[in-house]
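Coming up is one lone chain in structure tokens, specifically the form predicted alone.
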Amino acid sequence: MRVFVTGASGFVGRRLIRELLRRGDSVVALTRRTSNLGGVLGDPPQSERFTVVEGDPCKPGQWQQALAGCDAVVALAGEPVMGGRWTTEFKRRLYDSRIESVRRVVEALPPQSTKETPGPRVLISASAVGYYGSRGTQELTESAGPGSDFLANLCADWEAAAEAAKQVGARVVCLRIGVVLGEGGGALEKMLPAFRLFMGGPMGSGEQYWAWIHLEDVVGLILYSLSHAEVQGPVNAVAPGACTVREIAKQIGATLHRPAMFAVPELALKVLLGDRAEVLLASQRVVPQRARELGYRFRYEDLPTALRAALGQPHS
């Protein structure tokens, strides 16, 4: 299979590329600068099945021709939600980097009226559990409706842009990704310094639920979706056991042999982060119902094991 990947230089994208190549696929990776993908496969790259294409995923370009020659597309592009204060301009960047980039992908897909027509026949698009908004202790399966806040609306529009690929005969999968735990990046990398300085602890009340997933299972769900034609529509990319922020902080502390006593009050988060604080304070008890029904087997189902792996520690 020849797979086109947007957001290729990101935390998930880089790991996905390695796994695709490891299983024998070819990869065409879109990035704004080739140097962004340095070190993905060593320096110089050590695979003839790896092609890098430069371009802006939000704008039409020559990269769309490269996409049309592939068998599948994985769309991971998106400005980091916590990458800046939520000014009007930054919110537009969050929107365009997701919705406009997916729209450019969809417009590059050739019409596919028969199985013999060349071109991508599956689009796997990232989304996020922010789709559900903040819902307290309610268990959220894929059948739950969207929330009404900024992130929920962003995710709903993101998925709608991907769903438009059905009009040209593509199978569409939208992965609603939770907090990704993994070595060398993601949310955990931002949380660790405070714990290592003996100043870690829960944020806000600590009673809000965070739906988490290990990086290997995000990639695993993408690979599973590529290989199984029955996977389509929204899929919650979260581990089976959503935890409260207090439980997560306690487990990070235990894994690092550090206390988890220094809570950050909700008011302090709102003063420091502005509207971004809602990402940390939202409660989303999301469960992976579709992944279970489809037969996906999670490698990391419990938080302690996932954290040890993310921190490079051996399994106990």
Ligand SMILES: NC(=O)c1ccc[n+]([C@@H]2O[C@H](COP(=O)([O-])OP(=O)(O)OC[C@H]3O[C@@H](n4cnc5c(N)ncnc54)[C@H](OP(=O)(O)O)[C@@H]3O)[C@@H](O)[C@H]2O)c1
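Counting begins at 1, following the sequence as shown. What you are looking at is a predicted structure, and each value in this text was computed from that prediction instead of being measured.
Below, we turn to the form predicted in complex with the ligand, even though it does not appear here.
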{"item": "Candidate stretches 140 to 148, 69 to 77, 226 to 234, 165 to 173 - the one whose heavy atoms come within 4.5 Å of the ligand in the model of the complex", "value": "69 to 77"}
{"item": "Contact residue in the model of the complex, chosen from Val106, Ala152, Cys243, Val179 - any heavy atom within 4.5 Å of the ligand", "value": "Val179"}
{"item": "The single option of Gln64, Ser283, Thr31, Gln251 touching the ligand in the model of the complex, heavy atom within 4.5 Å", "value": "Thr31"}
{"item": "The ligand contact at Ser134 in the model of the complex, heavy atom, 4.5 Å", "value": "no"}
{"item": "Contact flag, Trp158 vs the ligand in the model of the complex, heavy atom cut 4.5 Å", "value": "yes"}
{"item": "is_contact(Pro288, the ligand) in the model of the complex, heavy atom dist at most 4.5 Å", "value": "no"}
{"item": "The ligand contact at Val40 in the model of the complex, heavy atom, 4.5 Å", "value": "no"}
{"item": "Sequence-ordered list of residues in 94 to 110 near the ligand in the model of the complex, where near means a heavy atom within 4.5 Å", "value": "Ser97, Arg98"}
